[in-house]
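Given next, in structure tokens, is a single chain: the form predicted on its own.
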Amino acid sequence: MNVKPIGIFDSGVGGTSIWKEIHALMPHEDTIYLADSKNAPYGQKTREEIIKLSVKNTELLLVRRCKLIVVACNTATTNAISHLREKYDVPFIGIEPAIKPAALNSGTGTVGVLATKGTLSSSLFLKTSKDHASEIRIVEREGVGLVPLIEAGKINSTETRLLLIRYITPMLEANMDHIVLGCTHYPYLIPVLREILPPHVNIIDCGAAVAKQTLAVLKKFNLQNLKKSPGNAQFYTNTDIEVLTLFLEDVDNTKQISYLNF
């Protein structure tokens, strides 16, 4: 049994959507979550900047003795995870847009991908698209402005809704039947998306798959915590804790939310 915590980081609060899936599947595991909201969004930064921020986050989690690190950010995964795996001797779990299941299940042959610039322009995204969707039309849209609105807690605002309509309309005009959410912030927009999208369009989110992969890697390296009591969850943000607290209102009382200057 390994009682060390699982480390998770993201460019803000979006990765809590991944944390919730991990916690639901492995409620006895201790976790530490870093919300680097001060530097959000990562999607507008250069690859060098993204790697530097990912290294900073990783080292903060390693100081806290994390046994495995989930890079709960599509942009950080696609730009930095190979560097992290070469540099550090712990398992890393990454987040990639779930293009493969969307392509396999599309009936119209058209899939929409809503993601950040950093994800859409990465070599890993291009390779994934080539490997799994070479015979599928992919309509990409950069979700400019969505992450700051989510970070501000404005999920149900008119501004958010209008931006989503602007980005989704070309996808619908191209006859998409699946939309892939390529940013861990975006699952929080699913209720709004369901109101905007026709019923036949499927929303693809990778959170549950990431949690299953995390469990598989823990088993593979014999890193599971087999205690019976609920895990301790620590959350750190480098901005005001109010927004992070808002996104964790549905989480039980085992959580601790704190400000950390990182």
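Because the structure is predicted, anything quoted here is derived from the model rather than measured. A residue's number is simply how far along the shown sequence it sits, counting from 1.
Not pictured, yet referred to below: the form predicted together with a small molecule.
From the list 204-212, 40-48, 53-61, 229-237, the contact stretch for the small molecule in the model of the complex under a 4.5 Å heavy atom rule is 40-48. For the options Val180, Ala80, Cys183, Met176, the one in contact with the small molecule in the model of the complex, meaning a heavy atom within 4.5 Å, is Cys183. Though the partner is left out of this view, Val147 does reach within 4.5 Å of the small molecule in the model of the complex, counting heavy atoms only.
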